[in-house]
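There is one chain below, alone, in structure tokens, taken in the form predicted alone.
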Amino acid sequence: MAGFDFSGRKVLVTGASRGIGRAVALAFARAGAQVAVHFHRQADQARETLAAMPGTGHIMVQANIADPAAVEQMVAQVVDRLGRIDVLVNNAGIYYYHPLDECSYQEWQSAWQEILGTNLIGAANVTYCVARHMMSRRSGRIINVSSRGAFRGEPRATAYGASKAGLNAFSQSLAQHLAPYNIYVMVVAPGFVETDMARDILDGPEGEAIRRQSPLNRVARPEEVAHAVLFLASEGAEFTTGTIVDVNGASYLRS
């Protein structure tokens, strides 16, 4: 990506088999980094990401982010194979509707456990394992991918909105805690993005109304989110630690 140089840097991107994660992994690779492409189930798509990345030394790693033991093993594997982790991008996440007035109590419980288990607790566990490694080196960047829904609300996907609001609070707390170790923690909060996860909604009857939420009359491209991630991870952005950067095309404004 023009303007950024990550030559020699080692980057772990979770959920990098498609969508925002793939765009972030490709952008770091184009900027000279060696990238660990994490995936859960989409091995073929992760291989496609890997094949599209310029440069050498990139790897694929598999783990269910909701499984603490798998997270620990995955991070150890990345450190062993790449030597270190300079930048962590917590992108892995899940989203699906679970409106309170339409789902059973059992479905409700399942949604909350599954969504928070990946989006919030899983991200916290990956961060713990990577941050402990970064603390020993007294250097690192952690970029968490949140959502406009943390502020705007997600009435039909309440666990998702709560998971991203929690991720924001977690990130800001860690930004304060890890600053003495020269570890900087930032957040990007996209609105709707042209990804596989959002395709059914964007191609459905709600799609046009969603695009009209932005005065640009469209949703974000994954590459635009990746650009914000690389900026936050770049040299010179240290004083933005604790920042939440909106990438929503002015579809939701806050001050």
Ligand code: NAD
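Predicted, not measured: the structure shown is a model, and the values here were computed from it. The numbering used is simple: start at 1 and walk along the sequence shown.
Although not depicted, the form predicted in complex with ligand NAD is the subject of the following passage.
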To test your reading of this chain, name the stretch in 176-184, 103-111, 156-164, 129-137 whose heavy atoms come within 4.5 Å of ligand NAD in the predicted bound form. 156-164
Are Arg18, Ala92 and Met197 jointly within 4.5 Å of ligand NAD in the predicted bound form, each by at least one heavy atom? yes
Please check if Asn64 has a heavy atom lying within 4.5 Å of any heavy atom of ligand NAD in the predicted bound form. yes
Can Gln42 be called a contact residue for ligand NAD in the predicted bound form at 4.5 Å between heavy atoms? yes
At 4.5 Å between heavy atoms, is Ile142 in contact with ligand NAD in the predicted bound form? no
Even though ligand NAD is not shown here, does Ser171 get within 4.5 Å of it in the predicted bound form, heavy atoms only? no
If we test each of Ala226, Ala29, Ala36, Val193 for a heavy atom within 4.5 Å of ligand NAD in the predicted bound form, the one that passes is Val193
Residues within 4.5 Å of ligand NAD in the predicted bound form, restricted to 124-153 and counted by heavy atom: Val145, Ser146, Ser147
